[in-house]
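Below, in structure tokens: the form predicted alone, a single chain.
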């Protein structure tokens, strides 16, 4: 297994003077599954290419264990990649495609055959070995592409948007397969995606990137419950977080966040203290729709809102509601029959009310 350390790494493309990656620091542990997550143009692909050795580093250091690999070729780094585009040889059979990396290394035929059969069985493509890539579906081709990376026994696996071309059903299956493969191999894997569902489902930790900078590097629980800023809170989670501007008021020595004259939110004691410490007069409230429910309970606060849309999704409904001119969403059970114009009472726990500095958009944690 191999640890990957990225220290103060920058990537500047002189053509166009684009600073694609800015002062990136990541410490990926031996055998860890890490996802690089972010929108297009955030710097995740440039980061991947620098790890592999396909892009030069403008400044900083990348280490595999204790070895600085800045000047090593991709072959010397012993990194295997699976791409969004399958990159298979159309004139070779699936077995020959899988065996090709071993053939290049001079591995004997008998050993190559054994490894091909092992990988094919793992990926459930044994019955495809005699076929050619053009005869396979997109999902099958993606499994072959992944198999060709796995068969090399590399120090680090790099997976670049490998599920983006798959339909929803097959993608769901492949998520389980990838996680199972990682658990069985115990190898260091770096997975690049713009899909937060994939990242959260697969990765031990997720590096969220935006505007060429790392925003937060944490496990799914931290990202979901303790986002460092508004971007992370908005990017992680589905449906996305409700954001509302609020004025900071004090009622009976307790801080109340007033969105409008009929809508107040009550933060927990810790966030009240932080708002006081910073002397904020306004904040941006963040509340995930999952935490606005129809169910009352001990310690919960409530609010009233008018239903605009009740969207049925099978296992849950999403209500779009309004209070005054402020709109937000709540997740409710599918049995909820509220229609447009109905008034509903929604409940939340104060510790689920996030508060952001309106100037810096940093979350008060």
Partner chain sequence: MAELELQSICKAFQHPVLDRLSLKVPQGEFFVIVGPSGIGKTTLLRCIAGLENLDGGKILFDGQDVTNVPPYQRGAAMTFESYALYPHKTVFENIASPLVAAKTEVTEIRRRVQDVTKLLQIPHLLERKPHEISGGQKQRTALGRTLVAKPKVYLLDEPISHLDAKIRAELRIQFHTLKELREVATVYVTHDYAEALSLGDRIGVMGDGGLVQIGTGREVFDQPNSLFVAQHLGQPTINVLDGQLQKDNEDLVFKSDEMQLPVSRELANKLKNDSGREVKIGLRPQFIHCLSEWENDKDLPVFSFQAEVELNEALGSYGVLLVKAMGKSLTVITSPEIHYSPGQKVELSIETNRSLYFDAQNGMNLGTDLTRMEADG
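Being a predicted model, the structure only gives us computed values, none of them experimental. Numbering follows the first chain given and starts at 1.
We do not show the form predicted in complex with the partner chain, though everything after this point is about it.
Interface residue among 118, 77, 152, 194, judged by heavy atoms within 4.5 Å of the partner chain in the predicted bound form: 194. When contacts are judged by a 4.5 Å heavy atom cut-off, residue 226 does not count as touching the partner chain in the predicted bound form. Under a 4.5 angstroms non-hydrogen atom cutoff, the partner chain in the predicted bound form has residue 311 among its neighbouring residues.
Contact annotation: residue 293 falls outside 4.5 Å of the partner chain in the predicted bound form, judged by heavy atom distances. When the partner chain is considered in the predicted bound form, residue 327 lines it closely, a heavy atom lying within 4.5 Å.
Highlighted residues 200, 234 and 335: every one comes within 4.5 Å of the partner chain in the predicted bound form, counting any heavy atom. Here the chain stands by itself, but in the predicted bound form one stretch of 259-267, 167-175, 209-217, 108-116, 167-175, has heavy atoms within 4.5 Å of the partner chain. In the predicted bound form, 238, 240 are the residues of 238-266 with at least one heavy atom within 4.5 Å of the partner chain, listed from first to last.
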